[in-house]
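Listed next as structure tokens is one chain, alone, in the form predicted on its own.
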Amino acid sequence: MSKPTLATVSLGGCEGCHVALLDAHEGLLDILGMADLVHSPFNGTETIPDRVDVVMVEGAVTTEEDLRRLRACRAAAGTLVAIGSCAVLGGIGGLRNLSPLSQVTHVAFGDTTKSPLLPRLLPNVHAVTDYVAVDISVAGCAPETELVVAALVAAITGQPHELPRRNLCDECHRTKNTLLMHSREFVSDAVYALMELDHIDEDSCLLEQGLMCMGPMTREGCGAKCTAMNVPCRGCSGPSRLDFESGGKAVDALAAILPAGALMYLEDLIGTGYRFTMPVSVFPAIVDTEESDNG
């Protein structure tokens, strides 16, 4: 009996999600024991087979070529698995949506004519779900290797797949003295940038120390490795439920625990609330009147 087939495809992004897959090391042998890898960025083939049991796609839809390849993936795949914040949320590359396409191309190419061999940029960056249905989604920049492997194994074996549903604070090792308690008091009256503090208590909640940490509004599953290294969470895994609007959830949480946090949110609306989720937000892009006028 033949094994299921597996393909992995990279769209617009850094291919860090494929690196996360490679980080499985010997665990890749377990996956290859379950499925035949018929297409990937590593084997040099350009054409996606007409029929594949499981297709893993990473990266956002940024060009017409990305869109063509994504639709080929969906047509071929029995199960389509979206891996990484670019594919699921639009990712940090989605910040391109803050600028008109004409400005983006001018910054990239200056007055030089863009080669016709390069794929044509779409006006905006999109998550893959803007164009096709996805069966399994795993956000993160990049997702933990264990989450990538678990999603692929579930897809290959036909087993149900569920992501963690709690917030990052639930897996963060830091002590929360007031953050999780009902109170009329804010957890901190001030907000600091990381470099503004001479000393960071390595055991106490970063929010309670006045550092902007996105843990209360971010899905767990990464092991809270950033906060373990004294680096506040930036929210790369997105909200714990994808139907939450990321920025709305951020301001809701910050207004309840950090009075100055809401002010910082207003000063850095995108960086605080939409760093990884701009293309799937309520307002996913600016309106490029110049491009619209030019048809």
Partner chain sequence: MADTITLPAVKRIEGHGRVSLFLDDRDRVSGAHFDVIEFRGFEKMLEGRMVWEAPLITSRVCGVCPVSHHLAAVRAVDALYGVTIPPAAALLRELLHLGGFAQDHALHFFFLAGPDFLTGDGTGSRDLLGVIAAQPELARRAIALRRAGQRIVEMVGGRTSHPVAAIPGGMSKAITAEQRIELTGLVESMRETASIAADTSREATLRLLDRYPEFSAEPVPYVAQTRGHEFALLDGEITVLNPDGTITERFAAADYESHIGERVLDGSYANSPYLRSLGPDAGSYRVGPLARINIVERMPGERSQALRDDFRATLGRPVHAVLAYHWARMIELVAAVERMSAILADDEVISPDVRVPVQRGVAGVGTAAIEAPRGTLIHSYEADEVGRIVKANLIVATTHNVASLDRAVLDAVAGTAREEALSDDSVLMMELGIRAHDPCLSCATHEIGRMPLVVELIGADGSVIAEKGVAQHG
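Only the largest set of C-alpha atoms that superpose within 1.5 Å between the two forms is called the rigid core. None of these values were measured; they are calculated from a predicted model. Numbering follows the first chain given and starts at 1.
Heads up, the form predicted together with the partner chain isn't pictured, but that's what we're talking about next.
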Are any of the heavy atoms in residue 129 no more than 4.5 Å from a heavy atom of the partner chain in the model of the complex?
no
Could you tell me if residue 118 has a non-hydrogen atom within 4.5 Å of the partner chain in the model of the complex? yes
- Item | Distance check, residue 221 to the partner chain in the model of the complex, heavy atom within 4.5 Å | no
Tell me, yes or no, whether residue 10 is in contact with the partner chain in the model of the complex, where a contact means a heavy atom of each within 4.5 Å.
yes
The one option of 92, 149, 169, 163 with any heavy atom within 4.5 Å of the partner chain in the model of the complex is 92
The stretch from 152-160, 129-137, 213-221, 95-103 that lies within 4.5 Å of the partner chain in the model of the complex, judged by heavy atoms, is 95-103
Contact check, 7-26 vs the partner chain in the model of the complex, heavy atom within 4.5 Å, ordered by sequence, gives 10, 11, 12, 13, 14, 15, 16, 19, 22, 23, 25, 26
Report task. Superpose the two forms on their rigid core, then report whether the C-alpha of residue 115 is displaced by 2 angstroms or more between this form and the one not shown. Result -> yes
